[in-house]
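In structure tokens, one chain follows: the form predicted alone.
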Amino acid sequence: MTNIKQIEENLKREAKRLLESKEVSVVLAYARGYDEHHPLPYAARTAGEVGNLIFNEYCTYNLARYLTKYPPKTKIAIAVKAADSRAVVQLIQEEKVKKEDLVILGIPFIGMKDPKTGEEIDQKTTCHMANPVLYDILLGEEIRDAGAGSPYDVLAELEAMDQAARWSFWEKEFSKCIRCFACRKACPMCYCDPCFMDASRPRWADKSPTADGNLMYHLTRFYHLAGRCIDCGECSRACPMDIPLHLFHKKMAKECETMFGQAAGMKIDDKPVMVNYGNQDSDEMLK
């Protein structure tokens, strides 16, 4: 069993040390919300603010989302779980942040819970991993034997459907979309400014929640995340209409891994699959 309190104590200790030594100017972590089941992302800028930091099984937010909000060369410490660390790796690969500007505080953990439902989410999202793939300081003991299975096991029911049934499933789900863009706001890989949805010249899409517009938005975002989604599941948890967006993006991640033998954000020396070409790459998508 992961010692949550020990992770929290280690987080506070390292955050205080890094801020007092001025090794970093901000520590991205978590603080209490209106109750312990609803923590919030938090940026500690002084050693005095470190006392506000917490960690528990409801700290699902992917803090990598905020890295691109800081000016270049800002020295940042960031607390990351497994999927979050993959997002950091992906952002480094895409040259949105530099590794030398980061101190990565790794959190090995299993048993994360959805703040909205209280149910464990490890088998659905969090990339089915327990340990960060990249860190400078590990805030707990590495977890071994975290469990068998594939991150794509959750796709079994969807993949068992025929084409018509799948289309009907997604048509129903996307009809619920109110175009609040919470999925975009939660995603660490949605950093484009402006987003294609916000561009007015040219105007790419209607922002109102219509059937065609919803499909346009989600399909375009779906392709923008091809080979880049790190399976944190934040899009689904942020959605007020409970659309299972993680299934949508997980399916593409599976296809990319099958075709190119590479999952997003796993190795810092990799190149993103959609900007890298090898003679051995599958050409199935061209047929």
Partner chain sequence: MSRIGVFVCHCGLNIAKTVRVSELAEFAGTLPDVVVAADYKFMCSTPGQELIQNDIKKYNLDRVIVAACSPLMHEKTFRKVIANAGLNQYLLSIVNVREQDAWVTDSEDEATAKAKALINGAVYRARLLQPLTARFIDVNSDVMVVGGGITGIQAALELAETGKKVYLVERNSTIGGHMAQFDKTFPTLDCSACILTPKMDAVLQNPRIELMTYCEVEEVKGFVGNFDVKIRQKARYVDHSKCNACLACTEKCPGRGTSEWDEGLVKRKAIYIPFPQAVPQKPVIDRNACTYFKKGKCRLCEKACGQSAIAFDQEDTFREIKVGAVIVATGYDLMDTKPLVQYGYGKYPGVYHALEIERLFNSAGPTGGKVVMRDGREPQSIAILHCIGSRDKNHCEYCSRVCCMYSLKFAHLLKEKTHGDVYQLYIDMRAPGKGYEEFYNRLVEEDVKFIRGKAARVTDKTDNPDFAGKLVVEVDDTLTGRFATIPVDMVVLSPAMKPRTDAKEMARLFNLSTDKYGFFMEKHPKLAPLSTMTEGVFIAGACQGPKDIPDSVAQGTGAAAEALTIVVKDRLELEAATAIVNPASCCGCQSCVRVCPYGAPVFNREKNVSEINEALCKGCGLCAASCPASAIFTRHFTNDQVMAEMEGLMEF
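These figures come from a predicted structure and were not determined experimentally. Numbering follows the first chain given and starts at 1.
Form predicted together with the partner chain: not shown, discussed below.
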The listed residue (Asp193, Asp145, Glu119, Glu142) that reaches within 4.5 Å of the partner chain in the predicted bound form by any heavy atom is Asp193
I need to confirm a contact call. Of Lys75, Lys99, Lys113, Lys96, which residue comes within 4.5 Å of the partner chain in the predicted bound form, counting heavy atoms only? Lys96
The chain here is shown without the partner chain. Which stretch in 76-84, 125-133, 102-110, 200-208 comes within 4.5 angstroms of it in the predicted bound form, by heavy atom distance? 200-208
Is Arg45 part of the interface with the partner chain in the predicted bound form - any heavy atom within 4.5 Å? no
Would you please decide whether Arg13 lies within 4.5 angstroms of the partner chain in the predicted bound form, comparing each non-hydrogen atom pair? no
At 4.5 Å between heavy atoms, is Lys271 in contact with the partner chain in the predicted bound form? yes
